[in-house]
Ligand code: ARG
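For reference, the chain that follows is the form predicted alone, supplied as structure tokens.
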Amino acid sequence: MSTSGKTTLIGKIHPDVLAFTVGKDPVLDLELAVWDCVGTAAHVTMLSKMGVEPAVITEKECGKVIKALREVICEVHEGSFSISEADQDVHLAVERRLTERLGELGRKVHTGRSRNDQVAVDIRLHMRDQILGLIEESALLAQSLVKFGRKHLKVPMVGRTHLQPAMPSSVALWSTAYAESLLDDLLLVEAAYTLNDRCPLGSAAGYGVPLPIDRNLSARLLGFAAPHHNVFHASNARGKDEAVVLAACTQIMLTLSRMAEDLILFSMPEFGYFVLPAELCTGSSIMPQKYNPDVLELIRAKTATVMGYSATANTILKALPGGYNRDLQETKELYMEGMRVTRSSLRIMTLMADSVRVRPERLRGGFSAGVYATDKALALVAGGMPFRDAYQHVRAHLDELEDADPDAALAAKSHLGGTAGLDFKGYQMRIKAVLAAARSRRRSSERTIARLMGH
């Protein structure tokens, strides 16, 4: 085996060590390329305003760097930007491009920062964009489910516990329950957004730098609420940020998985409550009649995958000493894949919610006398009978419920959140507020970055 080294921007490294440590970064980091340019623009702008003589970077030089960064961003969008193994990662690839274009000026841009705070800010910028997309897509699915519920407001559906017939329910109660679950999941996503809204730039390798840098300015230029105060904490927060986002994604996926399981069960011929759209199903290579709920089955499986990513991220972190450790390279892929899977699952489930068909006759046909037993017992209680006596009486006389009316059963539950007490206006207001906040944040972020990049 050859032991000759391979030269990179930061030294000579054994080829096998280089390949092992670089891993998937040349591919994964393409997603960070634009954000790396944006973070670099903020850093050089801050350097150009730093009160030292002579200036590390003058305002004129800063303009040249930002112009070159815009050109790199164009390369990224055109697909001509690449990261070589010798580059190792997006940070050195961008620095190499700047040095090729700007010569000695390109060699100044890394002053006062490390790849540690550089990748941390790249991921946080990427994460801000992705979280806003996650919020919008979750809210849009909730909106589709609420619309589905309103459309089928008075369609009865047997409520089940242990998968056995339990009490009268409705299609609307079923669908809006999952809508509300998603909206509650977004409370965790909101917490992840708030945690992510801190700028690590200027923390360098986790111990600051002996230069009069303005970390508040860097944070403002990038549209963060504030910088991390403690530079060591800014370094330690790497990985934990990804783990928190994955935890929020896991909760969304759990909601999607349970809904997917319901749709699989209730679209079986034995139930026939729902009909899945043929265009969202797959066929069999041998059985011409088959329409398989593959996308729903994959959502169940992908939920386990995202849960695994979340557990892996936490396991990587649990025994790390303070300060940067290369283990954290692994949390980047976990976060990126977990976010990708969650967002694609939301989009698929929205397609399903928008096109699944309800079969009211099969839903009504699922009612048996026993489904009304609890309602009858409570009616006897309302007439003065102790509950346990009513319970035993109904249990012994289920035949008296043969002619019960599912529509009347649904109408009887007019209390808050019952089958006749669903607050569709409240759901819509909540969804509207979530979407408005996410879109406002996105516009604000885009304006801030446009000012920074001069475009």
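Residues carry their position along the shown sequence, with the first being 1. Just so we're clear, the structure is a prediction, and the values are computed from it rather than from any experiment.
Keep in mind that the form predicted together with the named molecule is not shown, yet the notes after this line are about it.
- Checking 110-118, 361-369, 311-319, 380-388 against the named molecule in the predicted complex, the stretch whose residues place heavy atoms within 4.5 Å of it is 110-118.
- Contact here is defined as any heavy atom lying within 4.5 Å of the named molecule in the predicted complex, and by that definition not a single one of Arg124, Lys240 and Arg340 is a contact residue.
- The contact residue chosen from Gln143, Ser267, Ser181, Gln329 relative to the named molecule in the predicted complex is Gln329, the criterion being a non-hydrogen atom within 4.5 angstroms.
- With the partner removed from view, the residue among Phe271, Tyr324, Phe148, Phe81 that has a non-hydrogen atom within 4.5 Å of the named molecule in the predicted complex turns out to be Tyr324.
- Contact annotation for Asp185: none of its heavy atoms lies within 4.5 Å of the named molecule in the predicted complex.
- Within this chain, His91 lines the site of the named molecule in the predicted complex, having a heavy atom no more than 4.5 Å away.
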